[in-house]
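Single chain ahead, written as structure tokens, the form predicted alone.
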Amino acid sequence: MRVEVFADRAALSQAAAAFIKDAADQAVRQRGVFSLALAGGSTPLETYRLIGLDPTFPWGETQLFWGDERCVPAEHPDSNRGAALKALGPPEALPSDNIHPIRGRLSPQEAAQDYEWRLKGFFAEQGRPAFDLVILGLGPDGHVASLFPGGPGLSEGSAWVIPVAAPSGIEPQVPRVSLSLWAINQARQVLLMISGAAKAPVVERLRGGEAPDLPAALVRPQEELVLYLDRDAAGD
């Protein structure tokens, strides 16, 4: 695991954009394609804007996925898909066929089945969801994607995608669809972006090993886990 702390969210966003660009370039050189799963939430939106403006980003070879989605229409303000694509632009160089959203208009069960079926088609040769990079945020309760403490997606060992009931105490309180922890851990790399003083208590718990069962503590990708924090989230 590699941890880096930045002065503020702007610096974190710029560093994350550079990290994603480097990962994309390396994947395209080695395999001819870059499979990227985006996070929801507000923390990565500036990073998405930056890579969307980068004229050297290999959008033609990039396949865009999502780690989780709220069960709302794409035009709804709570849609991860809608927010990410708005921040990205999306770039003209990104073919529409390279965008693979979770269909939030469906029921959680239908959306999970549909997304898993499409992922299995894309990753048929690998036989597992071998994303080049998964971006995650961190919730104040330690959740990542829509994997909440004690939830079924943490112990799931075969499903790639799971339906998630509306969480209590976490906004928005709507049903969701998420990659399972197992699926996230099949990725080559995971970039966990953490911003804001509200995250400092859970960061402290994770750093001190006080919460080994929190979803964020269970993320273990195949090659590298990278944590980017701003100073507020890092706390002391």
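The numbering used is simple: start at 1 and walk along the sequence shown. Just so you know, these numbers come straight off a predicted model, no measurement behind them.
Not pictured, yet referred to below: the form predicted in complex with ligand 6PG.
- Only one of the listed residues (G41, P58, P175, G52) places a non-hydrogen atom within 4.5 angstroms of ligand 6PG in the predicted complex, and that residue is G41.
- This chain appears without its partner; in the predicted complex, the one residue of P129, G153, G104, G139 with a heavy atom within 4.5 Å of ligand 6PG is G139.
- Residue contact with ligand 6PG in the predicted complex: V144 places a heavy atom within 4.5 Å of it.
- Contact with ligand 6PG, judged by heavy atoms within 4.5 Å in the predicted complex, is confined among 91 to 99, 131 to 139, 154 to 162, 104 to 112 to 131 to 139.
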